[in-house]
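For reference, the chain that follows is the form predicted alone, supplied as structure tokens.
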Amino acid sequence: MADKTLPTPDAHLDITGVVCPVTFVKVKVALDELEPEQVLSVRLNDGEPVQNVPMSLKDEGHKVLKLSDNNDGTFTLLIRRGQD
């Protein structure tokens, strides 16, 4: 059952085949294509990506809404784009 308190993503990005630091760059580019306050869902690998990408996004002024373990070595990150 979907969490009713979380917004439906406006866009999706799968970066499971990408290594750091390119993971953050790809997410940043995808967020730049969205309007402020829109939501991006990102599927990323465990390890460096899941440790570094959320922290870097917060530093850039975006809001991490949720980080979910997919129980397959990947995570889903839900991000609200910050203001310009």
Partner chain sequence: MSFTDSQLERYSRNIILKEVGVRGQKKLLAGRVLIIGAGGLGAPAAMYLAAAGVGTIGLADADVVDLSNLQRQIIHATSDVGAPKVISAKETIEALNPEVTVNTLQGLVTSENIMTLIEGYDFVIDGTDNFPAKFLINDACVIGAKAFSHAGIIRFQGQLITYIPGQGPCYRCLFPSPPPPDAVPTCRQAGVIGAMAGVIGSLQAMEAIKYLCGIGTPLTSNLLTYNALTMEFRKIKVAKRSTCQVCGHNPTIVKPLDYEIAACDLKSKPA
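Since the structure is predicted, the reported quantities are computational estimates derived from the model, not experimental observations. Positions refer to the first chain, counted from 1.
As for the form predicted together with the partner chain, it is not shown, yet the points below apply to it.
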In the predicted bound form, does F24 have a heavy atom within 4.5 Å of the partner chain?
yes
Even though the partner isn't displayed, in the predicted bound form is D59 close enough to the partner chain, meaning a heavy atom within 4.5 Å?
yes
Just to confirm, R81 within 4.5 Å of the partner chain in the predicted bound form by heavy atoms?
yes
Heavy atom of D32 within 4.5 Å of the partner chain in the predicted bound form
yes
